[in-house]
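A single chain, nothing else alongside it, follows as structure tokens in the form predicted on its own.
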């Protein structure tokens, strides 16, 4: 993957504050990365996203997109889809908001996407309503629709799962996965819904007290299986599953990554069941949450 976004010594200090909201952040993002941005409230996540989208200017440092400094060049963010705040016209209908957005950005060729996008976020039935009296969740959904309607190649989403029901969340995750695999869409997604991030993201950025504490790739665990002592033949048999299955002989545990396919998972469980070596199975619903809690301390 090629480098697409380079962030160098990025800092932001608001005039009213005596402290830096973001301090000396350095990171590169590659084409096709799906970044999960994590950190507690007030850590600097929103400042980080606003700097990348030119909503605010940095105190120092630089952001380059495909080699261009975004704060010194025009129209650099043309391929971006952005959802940070619920920006729309409250007294235009939902569908008129999307039409207006496409017209002012000279992207009317995407008008055919409006119905599918509103269906995705669950707003097609409300397309003729004005969002002035919408709930917070419905306003979030409209902001999300505006970010998605042009099928951008770089998505920046702040809490995109808020306001969606479980089916809507599942559908959105499926769409984003498809875009990532088929269209090489790069994404930065900030969310407190860690399980959703785990099912989608390939990399994570942890920000705390304005500083980038850690940027890491992480293979998230789907489940752990406690076993009896495995034979050498059975251990060798597990190698067919590659990096998605790891066996710890000392603890007699098999760790299964969320990257495993459904077909491979069924095959693995069949092998272990036939060998009668399973003692117990435990789900790891949010390994990322455990990391996040540890880092906060």
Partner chain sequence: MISLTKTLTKVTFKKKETWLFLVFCAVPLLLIVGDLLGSNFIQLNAMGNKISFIDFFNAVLSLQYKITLPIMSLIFLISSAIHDEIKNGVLFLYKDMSRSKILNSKLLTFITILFNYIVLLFITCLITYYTDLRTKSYTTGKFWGSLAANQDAIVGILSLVCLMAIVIFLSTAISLNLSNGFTLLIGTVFAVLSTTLSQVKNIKYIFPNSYANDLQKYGFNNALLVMLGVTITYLVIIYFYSLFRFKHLEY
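Positions refer to the first chain, counted from 1. Model, not experiment: these values are computed from the prediction.
Another form, the form predicted together with the partner chain, is not on view; read the next lines as being about it.
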Just one stretch in 170-178, 222-230, 75-83, 190-198 has heavy atoms within 4.5 Å of the partner chain in the predicted bound form, so which one is it? 75-83
Against the partner chain in the predicted bound form, would residue 34 count as a contact residue? Criterion: heavy atoms within 4.5 Å. no
Is the gap between residue 216 and the partner chain in the predicted bound form 4.5 Å or less for some heavy atom pair? no
Would you classify residue 91 as touching the partner chain in the predicted bound form, given a 4.5 Å non-hydrogen atom cut-off? yes
With heavy atoms only and a cut-off of 4.5 Å, decide whether residue 50 touches the partner chain in the predicted bound form. yes
Answer key, the partner chain contact in the predicted bound form at 4.5 Å (heavy atoms) among 146, 123, 157, 185: the residue is 146
Heavy atom within 4.5 Å of the partner chain in the predicted bound form - residue from 206, 134, 161, 101: 101
